[in-house]
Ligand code: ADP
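Next comes just one chain, in structure tokens: the form predicted on its own.
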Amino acid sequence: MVDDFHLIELQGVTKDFGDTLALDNINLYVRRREFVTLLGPSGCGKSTTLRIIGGFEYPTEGRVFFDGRDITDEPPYRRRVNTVFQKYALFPHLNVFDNIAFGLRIKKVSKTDISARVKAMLDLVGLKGYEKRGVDQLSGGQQQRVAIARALVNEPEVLLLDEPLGALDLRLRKDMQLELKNMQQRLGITFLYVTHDQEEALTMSDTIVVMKDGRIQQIGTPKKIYDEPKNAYVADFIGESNILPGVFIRDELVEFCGKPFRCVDKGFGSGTTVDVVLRPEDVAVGAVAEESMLTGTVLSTLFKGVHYEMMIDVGCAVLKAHSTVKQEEGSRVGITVVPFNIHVMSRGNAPDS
């Protein structure tokens, strides 16, 4: 279980690069032994946040705390963190052992300790027996493991990872996602991970921080972020969504497509305009029946491997639906969505900063 103590805390952090505002009043904390992912598109501020925590950038405004101590102005070498970048920056003239040992030698650790710690890291990342190989003889996945071992051998309290799987092919990336999560759990240290890949974030994280335009949009567990997105941006960015305009009639009742539907949401106020989110996998498609909530015409059907993806014109909108049962193009179908899977959001919901 994750400790509730705030190991890292950012308070009112703003960063500008001349006329460009990279971060806008960020407030964020990271707990001990937590796997936190900063998720968002290029230019959203996630890597800048990571670099400020690592000491490679300094905030224009705001403070950074580590273990309750203000480290805002401290250089990287005085922070108890290590960083793994997308470009691994391994030393091409050194073999695997010497790459991993480099930081320990800088710290003047004894040869005996260096040997023991490097061998332990090689075991941890699955590279036992690779000590004498040149890094240019390794695959991309193996080089990534060396970079992680080099960072971990210094026993940091926090490992910062800036899109470290971005250069790997799809299959290797999926394998490494599981390995990184298992590694973090075995070591019991804090991982702060940056990615634009939603699947990566959902697979590995204890907590996801969704970012856009230098601001935090939502913070929560993967399930919370997916099932209860705070605004249309999060709903659209995390997975696939049908987002429809609606009106909140009363608690547990919302109107969209000109009809009232039961939901589980409360507290929006009668007559409030809202956005309604329907995930494609929650849109049940079948024959037109009396209990069908909506009826429509199938515009297209694509086989996606584990399901069919269908676009269905229901009059008020074109809905995307995922189903293991194929519906032919041009056919009339009925659609139902259970109340629990109808998610209501405030329209134009202001994100947290």
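Since we're looking at a predicted model, the values are computed, not measured. From 1 onward, residues are counted along the sequence shown.
Beyond what is shown, the protein has a form predicted in complex with this ligand; the following relates to that form.
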Item to complete: Flag F17 as yes or no: does it have a non-hydrogen atom within 4.5 angstroms of any non-hydrogen atom of this ligand in the model of the complex?
Response: yes
Fill in: in the model of the complex, Q327 touching this ligand (heavy atom, 4.5 Å)
no
Worksheet item: Is the gap between A22 and this ligand in the model of the complex 4.5 Å or less for some heavy atom pair?
Response: yes
Item to complete: Decide whether S47 counts as a contact residue for this ligand in the model of the complex under a heavy atom distance cut-off of 4.5 Å.
Response: yes
Practice prompt. Just one of 284-292, 35-43, 318-326, 59-67 has residues with a heavy atom within 4.5 Å of this ligand in the model of the complex, so point it out.
Written response: 35-43
